[in-house]
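First, one chain by itself in structure tokens, the form predicted alone.
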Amino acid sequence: MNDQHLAVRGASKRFGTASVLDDLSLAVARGEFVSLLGPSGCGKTTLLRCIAGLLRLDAGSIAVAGRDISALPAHRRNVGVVFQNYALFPHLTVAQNIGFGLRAQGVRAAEAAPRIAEALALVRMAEFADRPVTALSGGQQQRVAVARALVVRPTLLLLDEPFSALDRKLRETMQVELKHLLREVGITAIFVTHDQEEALVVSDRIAVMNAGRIEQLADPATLYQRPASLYVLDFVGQSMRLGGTVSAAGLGEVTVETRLGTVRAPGAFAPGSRVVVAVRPEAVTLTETPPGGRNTLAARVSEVSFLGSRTQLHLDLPAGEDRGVVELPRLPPGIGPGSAVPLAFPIADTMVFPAA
């Protein structure tokens, strides 16, 4: 990942009066796996289709490996696409599906055969070469779709929510398999998803999109631990958040008065500013006398959710406060709905944002 491979500059796209992409820019390094994450209508699939050449930008440019492809038709961009529904041909075998792009490129059968075999081996589907794709499971069809995209040796691979039709357990397995496969091939890939956990698992970096713009572009750990805005905080992971007013500020730290008590956080806001303080659920412990450097509050449990390896406590917060989740490795005895609990969390892990 040492040089820029994909460069989107000033991309804008409108459908009628609706602006879907708004002066968006994105740079992706060679060999990097970047996810476009966001809710329906944020522009992520439109951006993917513009890169693929299935839609034309109204303004801006797209370059791959230093070559401007903005005006090229889709079939001349050498960009592989894996669609949400896989778009496999039901009347063809697995091998014939994988080789379809090679035939479209005019590759001779003698040259195509070893490339198809190589692609089948890459996705561990060699023994299925002569089977009809209709006889395959969803996960197997997904592998065939990836192999078909890779066999033409694209300069860039685009994946449009390729796991959405799979059940949860298979989806999680395929996420890890795909990440390993693309590492092995060394290809640059753009992955569209609305699933935050999926994006965190597969990505080198994640672009969180909002109303046709990129709200934040960062590696998964930075995105989760240091979201740039309330929008990113809310979209990526859960949190306990409280509104309040800054009562003191200095030396890179603010003191915020909330309706549950006083909270300190790293930040720079003027006294009197309306802010929102937040902390990730796993950073909170139920401790009455915590060590120094921690905020302490008290709240009441409204609901308990057992999630197998962890337990979530949903807190009964004052009216107007809609985020109150604590996550524990195990539930302490005697804690349940209605229980009063002491909350402690590191000042260093506390985030502060301007109120919406």
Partner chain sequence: MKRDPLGLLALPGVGYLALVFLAPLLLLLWSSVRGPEGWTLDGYVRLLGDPYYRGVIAASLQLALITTGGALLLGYPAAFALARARGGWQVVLFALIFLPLTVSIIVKSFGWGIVLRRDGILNWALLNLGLIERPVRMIFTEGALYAGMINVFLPFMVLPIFAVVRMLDPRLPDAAATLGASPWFSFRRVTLPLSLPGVVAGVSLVFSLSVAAYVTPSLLMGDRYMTMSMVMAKAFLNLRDWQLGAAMAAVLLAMALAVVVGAAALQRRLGGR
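Note that the rigid core is defined as the largest set of C-alphas that superpose within 1.5 Å between two forms. Numbering follows the first chain given and starts at 1. None of these values were measured; they are calculated from a predicted model.
Note that the form predicted in complex with the partner chain isn't included here; everything after this is about it.
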- Message: Check for me: heavy atom within 4.5 Å of the partner chain in the predicted complex, for each of Ala52, Arg103 and Arg148, yes or no.
- Response: yes
- Task: Identify, from the list Leu217, Leu242, Met174, Val152, the residue with a heavy atom within 4.5 Å of the partner chain in the predicted complex.
- Result: Val152
- Between the options Phe269, Tyr231, Tyr224, Phe83, which residue brings a heavy atom to within 4.5 Å of the partner chain in the predicted complex? Phe83
- Stretch in contact, per heavy atom within 4.5 angstroms of the partner chain in the predicted complex, of 272 to 280, 243 to 251, 86 to 94, 122 to 130: 86 to 94
- Partner proximity in the predicted complex: Arg168 to the partner chain, non-hydrogen atom cutoff 4.5 Å: no
- Does the 4.5 Å heavy atom contact test between Arg108 and the partner chain in the predicted complex come out positive? no
- Any of the heavy atoms of Ala207 lying within 4.5 Å of the partner chain in the predicted complex? no
- Message: Although the partner isn't part of this model, could you tell me whether Val79 comes within 4.5 Å of the partner chain in the predicted complex, counting any heavy atom of the residue?
- Response: yes
- Task: Once the core is aligned, please say if the CA of Ala135 is shifted by at least 2 angstroms between this form and the one not shown.
- Result: yes
